[in-house]
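Heads up, the chain below is alone and in the form predicted on its own; it's given as structure tokens.
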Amino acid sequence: MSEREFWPEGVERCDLGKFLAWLGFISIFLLWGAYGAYKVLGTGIGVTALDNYFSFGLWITFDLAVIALGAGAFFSGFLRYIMRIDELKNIINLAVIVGFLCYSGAMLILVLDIGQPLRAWFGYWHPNVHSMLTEVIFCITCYCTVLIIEYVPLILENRQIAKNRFCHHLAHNFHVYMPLFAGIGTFLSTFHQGSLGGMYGVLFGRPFVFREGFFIWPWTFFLFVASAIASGPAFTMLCATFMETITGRKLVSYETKKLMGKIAGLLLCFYMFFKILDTYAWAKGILPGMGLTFDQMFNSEAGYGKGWLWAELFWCGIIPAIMLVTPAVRNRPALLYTAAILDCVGIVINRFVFTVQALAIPVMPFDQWFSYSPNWAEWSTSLMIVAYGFLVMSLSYRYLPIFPQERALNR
């Protein structure tokens, strides 16, 4: 049996030599990251640039960013299976894989970040019921399990695996109950996305992120949910485009991409409206009430100037929102992809400033501004997770039928 017989039916893939060379390139980053992980787990997180002042750094920024960008999985699943938007059937498989990679990658990096991974089970067995992170722990674990369940049918649909009668029927039954898993995933992901934002909003000792409450939650709870669903569809669409560029094959119709861009644009407009209101209320209400000024929240010399704020709100917020809701822009691929990239960059900036800048700002009269710069151990392990994503996505593309339109688009 040749390797070609494991490919999805009716499609072409590169020869095995090129594919192995590609995997070898990915393995460089995997090995470098594995060495970094070995050093971290063997000697402790003291080998990183994290310290008692910056307990959150690149790893948490990376975690929050990929979790937000991975929101395309739960929201696309919600639109496809609950709202019955049939056009999304052509990209829903990719959204599931992207979500699985983002969430599983985030959990892998947390193994390094918690400091004592052998005690990781404490959060489940001895939960702090007064902490929003407890809800995050349970929801992110359960949702990662849901994504695994959604990924399994794709594996079972491999040409050779599907020849097994049991596997064929099991995959079919998974698909029958997929709306149930989509609903569960939407519930779990919505609440853990919100609680990640709510965690920052209750930090009254950190004026950069502290916010007033809306019902029982600080309104950062809702802003984090809105930002995630605004960036997730754009990121999924960019992943499809990147794969088309690498492989030289059409995988998803441009009409589907425009639909994803339109969804992201409408949600980004919704998010930016409330984000601007939030920024105004924070600058004019919360900060003065704490005896602070807007200018005290920024320091260009330390690397935390106002440029981050304007980049997030204007260049990576208002501009892509307008572009994505404009039909003439969506009809031009270069502009659509540019707007989607700006959308995703804006969310990454938001997670960065909430994670790092919030800790850099002095909170005591005798404090000073501190700067944080991740070192090689943090970069290597973060890139290892990216390489892990490339590895799984490459294998999935080569051997699993994840793009229903591919055969028709490449005739």
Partner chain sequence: MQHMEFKVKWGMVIDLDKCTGCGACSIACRAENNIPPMQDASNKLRTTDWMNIYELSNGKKFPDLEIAYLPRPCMQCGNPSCSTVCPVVATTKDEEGGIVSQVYPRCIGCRYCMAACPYHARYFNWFDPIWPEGMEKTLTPYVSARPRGVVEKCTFCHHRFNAAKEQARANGADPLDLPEDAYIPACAEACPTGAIVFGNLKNPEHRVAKLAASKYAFRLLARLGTDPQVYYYSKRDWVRQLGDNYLQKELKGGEHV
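Numbering follows the first chain given and starts at 1. From a predicted model like this one, the values you see are computed outputs, not experimental measurements.
The protein also exists as the form predicted together with its partner chain; that form is not presented, and the subsequent description refers to it.
- Comparing 93-101, 288-296, 76-84, 145-153 against its partner chain in the predicted bound form, the single stretch with non-hydrogen atoms within 4.5 angstroms of it is 288-296.
- Among heavy atoms of Phe29, none comes within 4.5 Å of its partner chain in the predicted bound form.
- Under a 4.5 angstroms non-hydrogen atom cutoff, its partner chain in the predicted bound form lacks Asn173 among its neighbouring residues.
- Although the partner is absent here, Asn350 sits far enough away that none of its heavy atoms falls within 4.5 Å of its partner chain in the predicted bound form.
- Although the partner is absent here, Glu312 is not a contact residue: none of its heavy atoms lies within 4.5 angstroms of its partner chain in the predicted bound form.
- Only one of the listed residues (Gly248, Pro333, Gly307, Pro127) places a non-hydrogen atom within 4.5 angstroms of its partner chain in the predicted bound form, and that residue is Pro127.
- Between the options Leu266, Ile137, Ala302, Ile322, the residue in contact with its partner chain in the predicted bound form by a heavy atom within 4.5 angstroms is Ile137.
- Within 4.5 Å of its partner chain in the predicted bound form, a heavy atom is found for all three of Gly42, Met132 and Phe366.
- The partner is not shown here, but in the predicted bound form the stretch 40-69 reaches within 4.5 angstroms of its partner chain through a heavy atom at Leu41, Gly42, Thr43, Gly44, Ile45, Gly46, Val47, Thr48, Ala49, Leu50, Asp51, Asn52, Tyr53, Ser55, Phe56.
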